[in-house]
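The chain below stands alone and is given in structure tokens; this is the form predicted alone.
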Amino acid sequence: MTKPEGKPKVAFYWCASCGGCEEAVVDLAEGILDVVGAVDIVMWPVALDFKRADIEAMPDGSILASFINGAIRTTEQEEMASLLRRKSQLVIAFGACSQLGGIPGLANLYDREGVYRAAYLESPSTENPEGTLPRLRSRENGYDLSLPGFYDTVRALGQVIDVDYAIPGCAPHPKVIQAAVATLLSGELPPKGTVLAPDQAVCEECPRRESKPLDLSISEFKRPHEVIIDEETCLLAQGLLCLGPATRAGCDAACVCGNMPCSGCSGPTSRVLDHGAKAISGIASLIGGDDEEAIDSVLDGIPDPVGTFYRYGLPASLLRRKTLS
């Protein structure tokens, strides 16, 4: 890695995501002053006025690190990701959508035509009698107009460009962000591909850890709105589907501390190939019942298996997407 002259340059960019990762940077509170003081931000469209041409004019490799959040859904997002890759020494997949595909990746249960149909034709709030759909190019009043292309499949950032590191979470915890930035600025970089967060399960930092029974058998899954959740007992022991055992730590078990089950946003540890499959196998091992009917009855408490186990990681999983005929 080339040591830059003056303050190292960094860039932030937002692809297919909700904007929560941008908020996470602001959530550093006064800690953001340390970051801003240590680097020169050359691109951050959500906060400052930078243009694509500004980045194109920079020498290749002149940016120390680009933090790109969001999955890749459109041609414009892929173009910007490729541009920042060329201009940057390091690219960090910032947040669950960039690292794994995130919630936008659940669109891989459908194809482009299905998404268009639902959004522009069949939505109860849509009035579109002419059936108008987005077009790549059109001409109106003598002007040529264009839109980015909309891919059939949502992809994680690492499926489009070469990625050096990942910062997990939806959104990343400020503590994880600060530690990751400090690591990158130190010059003592971990091996390429490292996820810059603790490599252990959420259960290891869960305040309810000691209340989890050694021999846990679940006879019924309950949804949070259906029960009064005890604030001190392991959520799995209460029959709530918590993905903490299969999910990477670093968030200080924030959801569990808020009396809600872990939904798996920080993805897997380094020892797991497919986060959803790991979660499924772990939960399956806890299901009680000696016959198929009893087991099916327990599983009926999980009405949306894909949205539960692959909520944040369908594009990066072994499944990638649903094949539609």
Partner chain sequence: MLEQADSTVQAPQADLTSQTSAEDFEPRIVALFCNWCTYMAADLAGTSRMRYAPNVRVVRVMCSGRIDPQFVMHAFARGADGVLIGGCHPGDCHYQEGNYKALRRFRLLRRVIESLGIERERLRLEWISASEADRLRKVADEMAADIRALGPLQLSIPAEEFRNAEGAGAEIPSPEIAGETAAKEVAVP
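Just so we're clear, the structure is a prediction, and the values are computed from it rather than from any experiment. Numbering follows the first chain given and starts at 1.
We do not show the form predicted together with its partner chain, though everything after this point is about it.
Comment: 137 to 145 is the region of 251 to 259, 206 to 214, 137 to 145, 225 to 233 lying near its partner chain in the predicted bound form, near meaning a non-hydrogen atom within 4.5 Å. The putative spot formed by L100, R117 and D296 is fully lined by its partner chain in the predicted bound form; each residue has a non-hydrogen atom within 4.5 angstroms of it. The partner is absent here; in the predicted bound form, the one residue of V35, I287, V42, M58 having a heavy atom within 4.5 Å of its partner chain is I287.
E79 falls outside the set of residues with a heavy atom inside 4.5 Å of its partner chain in the predicted bound form.
Among heavy atoms of L273, some come within 4.5 Å of its partner chain in the predicted bound form.
Although the partner is absent here, G239 lies well away from its partner chain in the predicted bound form, with no heavy atom inside 4.5 Å. When its partner chain is considered in the predicted bound form, D162 lines it closely, a heavy atom lying within 4.5 Å. Residues of 144 to 171 that come within 4.5 Å of its partner chain in the predicted bound form, judged by any heavy atom, are L145, L147, G149, F150, Y151, T153, V154, R155, G158, Q159, V160, I161, D162, V163, A166 in sequence order.
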